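Shown next as structure tokens: one chain only, the form predicted on its own.
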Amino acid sequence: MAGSADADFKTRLQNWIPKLVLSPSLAMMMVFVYGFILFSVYLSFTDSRILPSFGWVGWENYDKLWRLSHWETSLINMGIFAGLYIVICTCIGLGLAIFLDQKIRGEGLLRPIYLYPMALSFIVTGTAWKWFLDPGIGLENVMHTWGWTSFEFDWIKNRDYAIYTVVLAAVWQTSGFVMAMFLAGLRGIDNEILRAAQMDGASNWNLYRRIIIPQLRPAFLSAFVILSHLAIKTFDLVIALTGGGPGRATELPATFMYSYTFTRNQMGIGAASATIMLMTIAAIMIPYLYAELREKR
């Protein structure tokens, strides 16, 4: 009887120890992540300015937000940036994955090279690309030094092209990560299916178009979700690379939120923009998570 009680106690203890170990981290996450998310949503309905306040104004901040030309500019820039960023990263990542999937010599060396940029922070990436693209010290200056005096590459200073420099830097940093996702998907495809298709006379083009690419649908979906999330919350890359300029040529919703919250002392409007960003990310993530859960059942 005593032995049975001891065994039950040990079983309960083994079940409770992981919960006890994780509970402080879980509690801190609930307070400092989800708690502050809810607090930010609440602030978007108040008259908060320099500091949080509790004067309820309802939807007034959202109404003011959608009347601001700066917010419209940030959304247009986001559309350009996110569209190019997602498409180019996906194409480059898929191309690199197909290239490495050919079992080429030196694959073990190339994979870390492609993945290395993702190990850098966006601040480092932005600073490095700022030096590279600066006409005074970067690529244009080097070309002039080598004698090609007619060469011009001043996108980072040009209001019409500055947003594309942000795309360049972001694509350079993230393409290797997308490549790794597609490569994992390619390595997970059943070789027997491919051999059967080849025996039936399928060309390499038809093999990829009809069999391989369709089976990479989960990788495409994961890449889209991750890249969309990164695009919406892009902040430090822009701050390091262009500072949101020239003018507002590279301002994105995240930089808009920071500017109105901490520079213009319009915390209510800043919180409203942050809430819209949160809802946009949720609109992408929730269907994805729901589909994943349904697939596992």
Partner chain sequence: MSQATQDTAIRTGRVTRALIYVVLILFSLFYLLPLYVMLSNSVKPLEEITGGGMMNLPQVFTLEPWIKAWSSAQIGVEPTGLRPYFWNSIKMVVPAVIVSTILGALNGYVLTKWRFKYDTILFGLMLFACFIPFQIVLIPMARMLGLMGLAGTTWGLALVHVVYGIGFTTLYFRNYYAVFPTELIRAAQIDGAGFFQIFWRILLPSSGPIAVVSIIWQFTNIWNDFLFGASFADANSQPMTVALNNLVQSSTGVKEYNVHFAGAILAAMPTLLVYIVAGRYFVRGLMAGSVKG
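All values derive from a computational prediction rather than experimental measurement. Here, rigid core means the biggest group of C-alpha atoms that superpose within 1.5 Å across both forms. Residue numbers count along the first chain shown, from 1.
Missing here is the form predicted together with its partner chain; even so, the following discussion is about that form.
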May I ask you to state whether residue 107 is within 4.5 Å of its partner chain in the predicted bound form, using heavy atom distances?
yes
At 4.5 Å between heavy atoms, is residue 153 in contact with its partner chain in the predicted bound form?
no
Does its partner chain get within 4.5 angstroms of any non-hydrogen atom of residue 68 in the predicted bound form?
no
For residue 90, is any heavy atom within 4.5 Å of its partner chain in the predicted bound form, or not?
no
Answer option from 121, 158, 215, 206, heavy atom within 4.5 Å of its partner chain in the predicted bound form
121
In the predicted bound form, the residue from 78, 180, 163, 84 that sits within 4.5 Å of its partner chain by heavy atoms:
180
Suppose contact means any heavy atom within 4.5 Å; which members of 84-107 contact its partner chain in the predicted bound form?
92, 96, 99, 100, 101, 102, 103, 104, 105, 107
Superposing on the rigid core, is the CA of residue 31 displaced by 2 Å or more between the shown form and the other one?
yes
Honestly, after the rigid core fit, is residue 283 moving at least 2 Å at Cα between the shown form and the other one?
no
